[in-house]
Every structure is written in structure tokens, then in C-alpha cells.
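A single chain comes next, written as C-alpha cells; it is the form predicted alone.
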């Protein structure tokens, strides 16, 4: 086994396999380390992804066995389960394990070396540089060291490399528990015919406090159903809520194809994603959508942006924090600034009561096109605020109107801060202080409103 490479990727999931493919196809020597067996590509996930992501990434759309369904859009259902908003936009229901295997094969065909059943033990550092990883072969228990010019953390929510780096490095940001959703889901086969065509999201502070529960049909007899709740000390056990609220209402289940729990970051990205010889992508950098937790599309976008920055840095023989810094600016344009705006909205929505949510749905305060605009761009535009203002005044809800305007202001500020991400690490501390101040102020307002 080689003990030296251009790029060492920790994690062989969607983000890790894609970045391995992109860099290996450019001629770089890539080694991918994956803890699980190469044939074990299952992960607890909603298995749904927007079609537009494949156009932006530039890889073939899913087909054959990896594509199990096509969505026309998403239905968002109020807590009363009578009112709903349908948001258009085609998406795919994936057989995720087969999709990941396709990405792994693309990477290996391009020349990447996959070391499955190997786990990260510790980073190898030299002063302020990451020089590679110490790993262990889980089959033989043999420990090995691999030196790399650039090491990528694509290990998902565990951030198995990033969380072991020196605390004084910018990338060592600790994510609070309340910025995660804790999930439980089952893929079920039922003897009842399932209506296909839409992914369905149900809002309920009783069933899924701080999150939502979902029903994503894969075909006429199979569905992915689960729930996610806001993390933290007071977070309910999602499986208990599933057993209490969802299992009795599903009915007709012939078999459970797969079941399991997981954790998903639902926040803005970590403030800094690179260091000397190091890059974080996917859930290791908190790239999932803060509102619905969708992570596959943003993970691929982060892999694309990271691959571009790494290619440029290696071609200039400059894998330093300065040489890799452009990854931030590219990702903020692709998705990160939108994430920041949606994180503001997420924090507000998690405090709304079922009664307030029902009011918004029942009175058609916002429409499907409004929701689609917010979800796609991550902002609430002035025209929407004006329209909603008129509706709320007529319905005598001035406090809701005032809060909505305030949330819009904070969303705008957060999004603009991330669009204005510093062009070099020398300005990072100033920018980070502005972000921290904004979100501290916003949290204080939320608690006081």
C-alpha cells in the first residue's frame, strides 16, 4: 500500500467519492479511506434530491436501479393536516446505496484508490500544517500512516478529522447540539397502494418538535418515512416519537426494508472550511439545508467547489490556507450564503407554535411560489413582505407581521455577510466577529419576542 499521495480523502460517501472522482480525473494521486466495507453504502437519509443539483454538478442524472422514483414537487402539510402548500420542482427518489456505489466506481475508474474497512485514528500535524492521517485497518488492526499534500474530511457529521485538529485552528469550530436534527426513519413496504408524485413534509411540534416528519414514496408499495427533531438536552427520542405517533397510523406494513437513526446538521456552514493542507466538505462542514435537512445536493456542491480550489492550489504548489481559501468564496456563491439566510429562518420556525403555523396555512398568508422562492434563494423578498403585510393586517395579527419583517431583516444581513466572505484569511477574524455578533443579537431578539 502506498503511504504518500497528493490528496487523501477521509470518507467514501457521496461527498468523498465525488471529490475523489473530480480530482483523480484531473490526474492527481488520490487515496480514499472508508470505514465501512465498500459494499456497505447504506446511510439513514430521506433519499430525496432535487434534479437541479445534477445540472449544477455536471454528472449523469440517476437512472436504472439507482433511480426508484421521480417527484413533481413537495407537499408541505400544516399541523392540522388539512391545509397544505405544494411546491413545484422535480426531484429524484434514490436507491442511495447504489448511487454511492456509482460514485465510488467513477472515482476508482478515474484512478483513485479506495481503502475500505479503514478508520481514521488521528491527524498527522507538523506545526500549523496537516500532513496526513494515521489510520487503522479494521480487518487486521494494523496501523498505518499516509502522508498527503491535501487531506479532505468527508466523514460526515462525525467530522472525524476536523474534530481532532488543534483547537486554535479556525476549522476546529464546535457545533452546538441544538444545531443538529436527530432523526429516525424506516424504509417500508406496504400492502396498500401508495400515492406517488410528491415528497410530503408534515409540520407538527408534537410529533417532531423543532423539525418535521416525512413521507417520501419510492414507488407504489415502498416509502421512506421518518422524523427529525431539534437536538439538545431536551430533545425527545425520535424513535419513541416514531413508535408513538407514526407507526400506528401507517398500517399495512408487510416488511421493514431498513430502519435506523442518524444526526443531521441543520444550520449555516462552519465559519472556516480550510487550513494548511486541509479541507472539510459535506456534513463535516455542515453543508445540509437548514430548513429541510437535505444534504446530498449541498454535499456534492461542496465537493465540486473544493475540487476546484484544490486543483488550483496543487497546480500552483500552494496547498496552504491562502492557496485553498477560494473554496469558501465559490461555495458561498453556490449555496453557503443561501444557507446562512435559511439558518435565520430555521431558528424562527423552530419557535413557532402549531397554532401559528396553522394560521399561516389556513389563511394562505404565503403561497407555493413564495415557499419555492424562499427555499431556492434563501431570502424573503420585499414584495412578499408587502403582500403578507396586507394579509396579516386584514387578519389582525400585527405581532406576527412585526416578527416576519424582523426575520427578513436578519435573513438579509446573514446572507449578505456570507456573500461578502473574506477573500483571504487575514480578514477572517473580523468577518467572524461580525457573524457572531449578528447571530447573538438575533438569538436575543428571538428569546425576547
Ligand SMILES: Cc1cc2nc3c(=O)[nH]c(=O)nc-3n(C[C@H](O)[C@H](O)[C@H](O)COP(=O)(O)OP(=O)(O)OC[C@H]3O[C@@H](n4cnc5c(N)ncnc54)[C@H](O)[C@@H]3O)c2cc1C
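These figures come from a predicted structure and were not determined experimentally. Positions refer to the first chain, counted from 1.
What comes next is about the form predicted together with this ligand, which is not displayed.
Checked against this ligand in the predicted complex, the residues 366, 263, 106, 352 give one hit for a heavy atom within 4.5 Å, which is 263.
Proximity to this ligand in the predicted complex, taken as a non-hydrogen atom within 4.5 angstroms, holds for one residue of 188, 337, 76, 160, which is 160.
Though the partner is left out of this view, residue 30 does not reach within 4.5 Å of this ligand in the predicted complex, counting heavy atoms only. For residue 269, no non-hydrogen atom is located within 4.5 Å of this ligand in the predicted complex, even though that partner is not displayed. When contacts are judged by a 4.5 Å heavy atom cut-off, residue 310 does not count as touching this ligand in the predicted complex. When this ligand is considered in the predicted complex, residue 343 lies well away from it, no heavy atom lying within 4.5 Å. Per the 4.5 Å heavy atom criterion, this ligand in the predicted complex is contacted by stretch 291-299, the sole one of 80-88, 291-299, 172-180, 234-242. Applying a 4.5 Å heavy atom cutoff to this ligand in the predicted complex picks out 154, 155, 156, 158, 160 from 145-169, in order along the sequence.
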